[in-house]
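One chain comes next, on its own, written out as structure tokens in the form predicted alone.
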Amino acid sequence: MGAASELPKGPGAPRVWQSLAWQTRPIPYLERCRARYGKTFTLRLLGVDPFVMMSRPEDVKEVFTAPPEVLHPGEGASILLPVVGPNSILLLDEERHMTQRKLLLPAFHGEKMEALRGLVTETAESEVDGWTTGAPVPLHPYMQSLTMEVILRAVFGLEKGERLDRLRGLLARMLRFGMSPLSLIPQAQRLGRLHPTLADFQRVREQTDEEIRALIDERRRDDRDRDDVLSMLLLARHEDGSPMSDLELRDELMTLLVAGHETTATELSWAFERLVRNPASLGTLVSEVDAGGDEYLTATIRETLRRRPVLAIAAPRRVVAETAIGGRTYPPGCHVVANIYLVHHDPDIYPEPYAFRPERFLENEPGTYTWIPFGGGRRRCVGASFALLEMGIVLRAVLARMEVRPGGDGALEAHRRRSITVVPGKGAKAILTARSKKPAPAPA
């Protein structure tokens, strides 16, 4: 790679200290770097090429629209390989990525998602009805359980029973490893069964793969008309007419689990963490839910995703061919990174960026390069429509059944790193009390 002077300025601290700050206090660290170095700066972290953080919308646009042979997001996501597998859309680049994306997109078309609305609603309402009420509780574990159930039923197509219970337990153990700091260290991953944690993870992965293979075999023989995502993927065909292989299906199912479980659970937790500290917004939203509306609900979801994005950055794109962004030339051997958090908290884009104000999305639609919780361009999350559908259904299910009040001292919950996600420091603590009022039905 070229000399360090070719990259934008950034902290001069040793890589170990920069890595420690990035892992332990990512949001304050980003804020400090922007205050000192501006909207574009370089971080140098352990074990990876330099990360050039970008938060100017015009630069974000250039990153998202760059030719696929110039920037490789798949290489930037390689730490996810042990969980999602080599065929995951997250890890592929260029033609292989586009081919796999075309296979997945039909399953997440608007009409297909609407077909899942009833199942997601039934699952969410059943889960919420079983929640403990009356004392302060962290909502994040509740949301994790709920979104896991949604994934197992809507994506894997599992009915209640032994297989669902078995797979739920195995997947939860796999995801615990995925949330471990050990999973973020490429050198540690290579230890394999020499490390007890990694050895346990590999055993669980093998058991999980056996369950998924059996499920795929069973589903291939099932000629019923089903709406779950797995059944839709079984109908997908490559350009030569061949179906997706069992390995491809396994890796994409794990990808949908990883990308759609923890992220949605965390975003829902942040929604309640924000709402209980903004009673006017909460009151407006509850009134709309009771009336059966959805305009303010949509605005609340958009503002939560702006104010508390669960991922601080979009997929790092590794530069593999010299490219110009923002008037600067970047050589191979670095990553260019659209910084979601800093874009969303730029006062030049969002007045009062640290205020939680859903009304801003009643006044304006989200911008393509200024509201980027799902990334953008060819790498925009294929499950974005499903995540938005699920968030709306869960928020409505909770607020229709529960009165939600602050569960702590009222202070803001600090950001806490959980693998690649950023979660509420106290788990979004709140008090839930059952409501007696019966709200109007949700709009069709």
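This is a predicted model, so every value here is computed, not measured. All residue numbers refer to positions in the sequence shown, first residue = 1.
FYI, the form predicted together with a small molecule isn't displayed, but the following is about it.
- At the 4.5 Å threshold, heavy atoms of R237 stay clear of the small molecule in the model of the complex, well away from it.
- In the model of the complex, the small molecule lies farther than 4.5 Å from every heavy atom of G76.
- Contact between T263 and the small molecule in the model of the complex is found at the 4.5 Å heavy atom cutoff.
- Mapping the unseen interface onto this chain, G375 counts among the residues with a heavy atom inside 4.5 Å of the small molecule in the model of the complex.
- Only one listed stretch (302-310, 162-170, 326-334, 207-215) carries heavy atoms within 4.5 Å of the small molecule in the model of the complex, and that stretch is 302-310.
- The candidate spot formed by F108, L256 and C381 lies fully in contact with the small molecule in the model of the complex, as each residue has a heavy atom within 4.5 Å of it.
- With the partner omitted here, the residue from L275, A315, L139, L297 that has a non-hydrogen atom within 4.5 angstroms of the small molecule in the model of the complex is A315.
- Note on contacts: among L285, I340, L146, L249, the single residue with a heavy atom within 4.5 Å of the small molecule in the model of the complex is I340.
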